[in-house]
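The data below hold one chain only, encoded as structure tokens and taken in the form predicted on its own.
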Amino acid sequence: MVKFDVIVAGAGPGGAEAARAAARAGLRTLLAEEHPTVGIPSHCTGKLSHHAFDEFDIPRSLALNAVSAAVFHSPGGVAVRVRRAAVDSYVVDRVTFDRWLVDRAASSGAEVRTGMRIAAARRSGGGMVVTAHHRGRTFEAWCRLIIDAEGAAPRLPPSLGLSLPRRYALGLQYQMRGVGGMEADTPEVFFGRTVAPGFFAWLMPLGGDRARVGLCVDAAVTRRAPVRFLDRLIATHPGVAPRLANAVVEGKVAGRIPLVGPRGPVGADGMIIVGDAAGQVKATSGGGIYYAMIAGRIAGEVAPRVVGGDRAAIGEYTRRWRKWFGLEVAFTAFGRRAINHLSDAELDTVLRMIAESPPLRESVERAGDTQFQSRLFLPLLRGLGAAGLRRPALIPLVGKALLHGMLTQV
């Protein structure tokens, strides 16, 4: 039986950073990716905060496009435009980006194996035994620690009796060329219960006439598949259809996003869970690359203590990631519940108020940060309160949404 100190399941951004940190600490580390090629299939828009580029020394050459602004379209056609003074995010090609991260982990000493599907894990001999399938063969490997970065639907935690409550958004995205009427640095978001029930649709410019067009739907809100809504958006939505009339689909990606943050443990004896597998995702937008990378790095950093027999180290992992971005996971879950409670007409009212109030819009532009959305809460609440003095009906509407966000569990 092959022995490692650490086995990382999944070579996405979280798994790559976990393997890199563990290998740099001198641990014999295996990074196992179930697919034959790192980064394929891709499952997201590839929008990544500037914070991630700065903090993880990611070269800007990996970015396809820089994002500084956004347009939010209400169900009734109200458009709110916001623009920040500096770049907020970059759009990356996930295949190239993921491969770069994995190559960096390999350069730090991690052993990378693709086409390796880890099917189960069990405790044995003071460590963990994983059963894997690799190129048509089944084999077992032993390690002191598994770092689970499998993604939104992990297999390993249930094999160890860990329950991870989940509620999912189902996403579908087309990459298209021949798209017209775009601003290069301005993605657009489309709301509406008939557009994308329980979530939203998007148009993400990639540069030139290329864009990613997609949406997510909450599986608990509708039983219809995302393709029904996306094809209808492209064919009939007045803000989308004219610009895609001559567009051609270059590729399609689909995936699941956990909308409920971590409720159970994200670690146990011999296992640490990171990224989508742990529910470390912004429920308002579905973004989780940056959080996965932070969690992966922390998991790799505490790995030497776990390997050395320190059972408190997994608790240290939990404390560190919660201190870093736990507030954002909780806040965005609250925000998703509050937004979903608004009817289309009520959402029209709120967005129209923002569109018609320059001071309110400026506060959004000044305080808004897609990575740390909680920073916008108080400025936005104060602005809506001031706007409510001019439009009293707005106050109970916002109050109802906030109350629903605080009291509703899912």
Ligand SMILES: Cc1cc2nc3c(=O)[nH]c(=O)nc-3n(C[C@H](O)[C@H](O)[C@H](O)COP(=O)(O)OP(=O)(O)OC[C@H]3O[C@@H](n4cnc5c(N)ncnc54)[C@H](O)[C@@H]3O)c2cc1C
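The first residue of the shown sequence is 1; numbering continues from there. Keep in mind that what you see is a predicted model, and the values were worked out from it rather than measured.
Below, we refer to the form predicted in complex with the ligand, which is not included among the displayed structures.
Looking at residue 274, you'd find a heavy atom of it within 4.5 angstroms of the ligand in the predicted bound form. Contact check for residue 321: no non-hydrogen atom falls within 4.5 Å of the ligand in the predicted bound form. At a distance threshold of 4.5 angstroms between non-hydrogen atoms, residue 43 is in contact with the ligand in the predicted bound form. In the predicted bound form, the ligand sits within 4.5 Å of a heavy atom of residue 94. Of the candidate stretches 222-230, 303-311, 114-122, 176-184, only 114-122 has residues whose heavy atoms lie within 4.5 Å of the ligand in the predicted bound form. Contact with the ligand in the predicted bound form, defined as a heavy atom within 4.5 Å, holds for exactly one of 210, 99, 237, 155, namely 155. Residues of 1-32 placing a heavy atom within 4.5 Å of the ligand in the predicted bound form, in sequence order: 9, 10, 11, 12, 13, 14, 15, 32.
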